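Shown below, as structure tokens, is a lone chain in the form predicted on its own; questions about how it binds or moves come after it.
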């Protein structure tokens, strides 16, 4: 009997062991990144988050001697580039994604709906470099043709060199990378709404649009929010595709430029790690790029905690117990 009890406990013990290993691996990754980033975090302090000049500083750090490395950096341009590209992309992805998932679940015939969701999930699994290649071939030339003129290039030459690789192009490419994730999870959330909820709305004389807007989407809101959070996480951490179309310069937005800020080159944190990785032979550059990773982890942690609080509030508003 005791042997049987031990055998029954093996799966449970194995789950605990694997969970502990997972936690240990994640903790080790965090510690390794912050250990490597510590020299820059220590020397830069708060100025890391409130000053710019990363492009100039990374050059100085590369040519500095290992005995006296240049470890003072300003990531404000990189942080603003990360938040702007991800924020704009998430805004458009939310509009497109929620609308598309509603059409797939509530309006499209069953066969068409099944085909569409298969295509969406295929797009969600597509490698990011493919999106970047499509962005270079289609988005960059389109943005350059529509918005970048010779007169405008000359007018703003003192601020930056204008081209099709800019904040707007990066945001467009990132939007189409995020949309499949948002649509896929939103479809699951909408399909999870009990059919009885819809029937209750129709029984009270509500139209189809009214049932969707006042019953289906509010009930599915926590699942839709989860899709948006995952989309935001992918947007913030995306490197390859964005680095191919962003322009590669950590330009700090200027309020006086207005819309032209969208035509300026940008350099999000993840893309900076890719773009500057060829200079990893320098101790100072290595610490700076690991500091980019550390800041990304901090932003991700804040985003995760904020999303958890929003989800909890939404569940309370929807009448679910915690």
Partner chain sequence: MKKKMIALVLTAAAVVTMASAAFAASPVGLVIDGVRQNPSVAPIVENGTTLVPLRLISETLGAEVSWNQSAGQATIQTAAYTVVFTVDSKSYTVNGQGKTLLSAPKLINGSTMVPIRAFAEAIGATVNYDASSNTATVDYFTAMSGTLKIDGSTTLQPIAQAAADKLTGMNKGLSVTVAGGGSGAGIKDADAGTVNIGMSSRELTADEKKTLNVYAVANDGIAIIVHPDNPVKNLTKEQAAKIFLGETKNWKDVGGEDAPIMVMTRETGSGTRSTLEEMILSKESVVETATPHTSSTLIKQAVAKDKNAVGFDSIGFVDGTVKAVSLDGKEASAATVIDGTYGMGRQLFCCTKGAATGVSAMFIDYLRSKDCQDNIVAKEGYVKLG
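Bear in mind the structure is a predicted one, so any value in this text is a computation, not a measurement. Numbering follows the first chain given and starts at 1.
There is another form of this protein, the form predicted in complex with its partner chain, and it is not shown here; the text below is about that form.
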- Item | Candidate stretches 57 to 65, 38 to 46, 22 to 30, 255 to 263, one within 4.5 Å of its partner chain in the predicted complex by heavy atom | 57 to 65
- Only hit among 97, 132, 227, 247 for heavy atom within 4.5 Å of its partner chain in the predicted complex is 247
- So which of 146, 157, 137, 122 reaches within 4.5 angstroms of its partner chain in the predicted complex, heavy atom to heavy atom? 157
- Message: Is residue 185 part of the interface with its partner chain in the predicted complex - any heavy atom within 4.5 Å?
- Response: no
- Query: Should residue 279 be counted as a contact of its partner chain in the predicted complex, where contact means heavy atoms within 4.5 Å?
  - Reply: yes
- Item | residue 162, heavy atom within 4.5 angstroms of its partner chain in the predicted complex | yes
- Message: Does any part of residue 275 reach within 4.5 Å of its partner chain in the predicted complex? Heavy atoms only, please.
- Response: yes
